[in-house]
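Here we start with a single chain on its own, the form predicted on its own, put down as structure tokens.
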């Protein structure tokens, strides 16, 4: 089996027989297990590509492969695809089928013929994940746009897909919820889900994606890690995109002789340390506390002598455990980076972390320590 989970081979698609080609002999591959971002300006074909990858639309020509097998457009084949490959569309109104929140979230699992108890469990977990458990009995029509978007994400999470496609998932959301959506995407990927996301926000994508695919003029014009694409200024301009701010500043500092171009930082904290002359002894300790959903957090912090330190949170089990105790948390959003910033200012910090998220949580510390830019002691509890 190849590394490609989903793959198109010269796929062409238009919405009418004489209409313009939205996809024009497109070749694209999605690697298994990775976080892949699909970039492109409006009209580049991102949403249409997603509908083809999910068997919602059948291409006029070319082939789509899933796990190296040609996609089946039989009724059973499409049902299988949609149970394994879920799409979160940009417009939540296109994904709502029931009048009340809990009914809408349960719609997918019920169609999978799951036992009632499992449907209930999935609905509860999904609503908590998106911060909508208090709206469980609410009518859909009374929800705001952002709340509807959260409910549709809950509906997708309740399906527990093998592949999650997210079409502009943070559009229309407040900044805090946008961070939370990206945390959910990270958690799913850490648990083995292949996550595909489109976005116009190149800063967000640059800090998140393992690889990018760039669409322009109905074709895929770039596949791979982000840096070679952004090094080609003309290609970036033709695709209607902007360079990520961290990438752009790193290149500027390199041109000024302040640092080497490589290694490439992907977050503000990584860039800050790279161009800094700070001494490693100034940095604090990052205490990463593994928390499952039943952990007594206050008791654990007391036993480790960690009370009174700035606290961040990261991952679903940590949020579940915190919710049970209603303890105060300093950084409810973007926990790892906020804790790293505290360490860079010389303070120790605590990150309450889902066990499967630890590697991602310490990635900035690994970047700083591994490249000799300083020493942040990471203590895992």
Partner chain sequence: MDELAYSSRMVDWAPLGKLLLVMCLLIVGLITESIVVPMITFVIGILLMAYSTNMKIPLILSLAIGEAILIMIIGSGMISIMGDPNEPALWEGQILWFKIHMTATSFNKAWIIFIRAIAGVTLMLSFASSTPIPHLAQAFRSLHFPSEITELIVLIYRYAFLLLERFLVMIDAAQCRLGYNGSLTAMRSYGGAMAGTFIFSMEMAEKSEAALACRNYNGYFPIYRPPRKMSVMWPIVAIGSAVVLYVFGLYSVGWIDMQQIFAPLFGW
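All values reported here derive from a predicted model rather than from experimental measurement. Numbering follows the first chain given and starts at 1.
Beyond the structure shown, there is the form predicted in complex with the partner chain, which is absent from this document and is the topic of what follows.
Enquirer: Using heavy atoms only and a 4.5 Å cut-off, determine which of 289, 178, 159, 209 is in contact with the partner chain in the predicted bound form.
Expert: The option sitting close enough to the partner is 159.
Enquirer: Consider the chain as shown here, without its partner, and state which of 266, 82, 122, 274 has a heavy atom within 4.5 Å of the partner chain in the predicted bound form.
Expert: When the partner chain is considered in the predicted bound form, the option within 4.5 Å is 82.
Enquirer: Could you tell me if residue 223 has a non-hydrogen atom within 4.5 Å of the partner chain in the predicted bound form?
Expert: Looking in the predicted bound form, residue contacts with the partner chain do not include residue 223, since no heavy atom lies within 4.5 Å.
Enquirer: In the predicted bound form, is there a heavy atom of the partner chain that lies within 4.5 Å of any heavy atom of residue 56, even though the partner is absent here?
Expert: So residue 56 counts as contacting the partner chain.
Enquirer: Is residue 108 one of the residues lying within 4.5 Å of the partner chain in the predicted bound form, judged by heavy atom distances?
Expert: Yes, residue 108 is a contact residue.
Enquirer: Wondering, does residue 98 line up within 4.5 Å of the partner chain in the predicted bound form on heavy atoms?
Expert: Answer yes; at least one heavy atom of residue 98 falls within 4.5 Å of the partner chain in the predicted bound form.
Enquirer: For the chain seen here without its partner, which of 72 to 80, 253 to 261, 213 to 221, 161 to 169 has a heavy atom within 4.5 Å of the partner chain in the predicted bound form?
Expert: Comparing against the partner chain in the predicted bound form, the contact stretch is 72 to 80.
Enquirer: Going through 116 to 146, which residues have a heavy atom within 4.5 Å of the partner chain in the predicted bound form? Please give them in sequence order.
Expert: In sequence order, 140, 141 come within 4.5 Å of the partner.
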